[in-house]
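What follows is one chain in structure tokens, specifically the form predicted on its own.
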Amino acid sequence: MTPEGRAWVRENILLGQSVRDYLRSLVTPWNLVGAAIVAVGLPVIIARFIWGLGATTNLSNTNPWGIWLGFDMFFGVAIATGGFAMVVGVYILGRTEYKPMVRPAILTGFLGYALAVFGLAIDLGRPWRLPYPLFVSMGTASVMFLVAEHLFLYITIQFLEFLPAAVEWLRLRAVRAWLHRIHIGAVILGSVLVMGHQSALGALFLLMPTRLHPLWYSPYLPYLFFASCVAGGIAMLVVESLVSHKVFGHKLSHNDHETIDRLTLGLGKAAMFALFAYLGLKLLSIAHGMSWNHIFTGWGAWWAVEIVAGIALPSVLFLLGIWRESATLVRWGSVVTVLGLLLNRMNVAVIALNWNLPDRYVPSWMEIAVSATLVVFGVWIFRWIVNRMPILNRLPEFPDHD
């Protein structure tokens, strides 16, 4: 390697440190916890590909869907919708004051979708078959085909939206100029694709009217999935910005710290209105399905927990936060919204599925270890990129022309 190449690696990969100092900087309590999780999860992933689902999961012919779909896919894709909400708000609705939050939102969304597909490959066990629905055996009449097509296209779009930060880091001016020319087209196409595949994920359950509990089954499922992912995606942006400004605060100016509270209140308003719409649709779905007789059962109590703790409580927190101009309350509301979305996706995809059968599914420790490993991978990749590329700030030689 030339002296110039070694200097570039030291400055841009090792963050200006020697190899020894960089490796020492990685030894932190959080990294050790993450390494311990990965040390358990990676062998389980290898074992799943060698010995199959039976050796590593509690799945069965009765319960073929577990947390690898409920958590990794349905929840992971839903909270990754924040990137869609942010680019629509900034580039289509003209809310340019939120531009500093676009790149972190896109990176979060891109990693969320990519890891969801990685988790799906682990669940299916034949990753080389993932391109089949698109290039080998198209099933255009299937909802699964719609989901696969839209996920493939949207991940491609999100990669193109993330790419400007990478090419600016590499100082590839010609590629950056080309990406600027296709930017708005990518934003519009990505927005259409999100509405399609988020609704289609809910539409999958329309095929299971006898397997999904009536309190969660509804013809409104596509609309419920879309409304909830918008609220959850915006809430996840608030959570991500909170964590980013705690961890990467040294990359931000004093003005950025002052601005973030005002932007958080604005996101809280958007999330609150999305939650109101979602709550209205939930109640309408129960009324339309005449499912009130299930309310006063054990399942009804569990459904009420989801409604009260996952929708009503964060709505009140958002309302109080906006009224009192308290970003802290909005952040608490966002955390509860994300947890409520997790509860909903686990209810629909796992807990309330096959509700009337005696064979109940409980995830094995190996399934939990794999999902935790994917989360650790996501955090590590996000941190590696933000520490090197212009995600939270802009390089002087590449002003913001998007």
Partner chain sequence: MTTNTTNTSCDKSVSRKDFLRLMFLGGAAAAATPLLPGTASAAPRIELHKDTLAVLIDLSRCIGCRSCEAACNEANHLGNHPAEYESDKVFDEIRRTDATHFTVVNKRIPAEGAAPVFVKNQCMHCSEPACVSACPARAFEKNINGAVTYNPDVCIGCRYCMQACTFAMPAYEYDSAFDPRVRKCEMCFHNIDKQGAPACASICPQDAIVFGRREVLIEEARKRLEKDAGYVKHIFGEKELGGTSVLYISRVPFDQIGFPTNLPLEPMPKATYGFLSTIPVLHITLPVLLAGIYSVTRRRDDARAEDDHE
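Numbering follows the first chain given and starts at 1. Here the structure is a predicted model, which is why all the values come from computation and not from measurement.
Omitted here: the form predicted together with its partner chain. The next part is about that form.
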| said: I need the one stretch from 59-67, 368-376, 37-45, 24-32 whose residues put non-hydrogen atoms within 4.5 angstroms of its partner chain in the predicted bound form. | reply: 59-67
| in the predicted bound form, the residue from 92, 182, 283, 174 that sits within 4.5 Å of its partner chain by heavy atoms | 92
| request: Would you mind picking the one in 126, 288, 324, 262 that has a heavy atom within 4.5 Å of its partner chain in the predicted bound form? | output: 126
| field | Full three-residue contact with its partner chain in the predicted bound form, heavy atom 4.5 Å, for 166, 328 and 331 | value | no
| its partner chain contact in the predicted bound form: residue 200, any heavy atom under 4.5 Å | yes
| task | Determine whether any heavy atom of residue 141 comes within 4.5 Å of a heavy atom of its partner chain in the predicted bound form, and answer yes or no. | result | yes
| So in the predicted bound form, does any heavy atom of residue 217 sit within 4.5 Å of its partner chain? | yes
| message | With a cut-off of 4.5 Å between heavy atoms, is residue 209 one of the residues that contacts its partner chain in the predicted bound form? | response | yes
| Partner contacts for 181-202, taking its partner chain in the predicted bound form and a 4.5 Å heavy atom cut-off | 184, 188, 191, 192, 195, 196, 199, 200
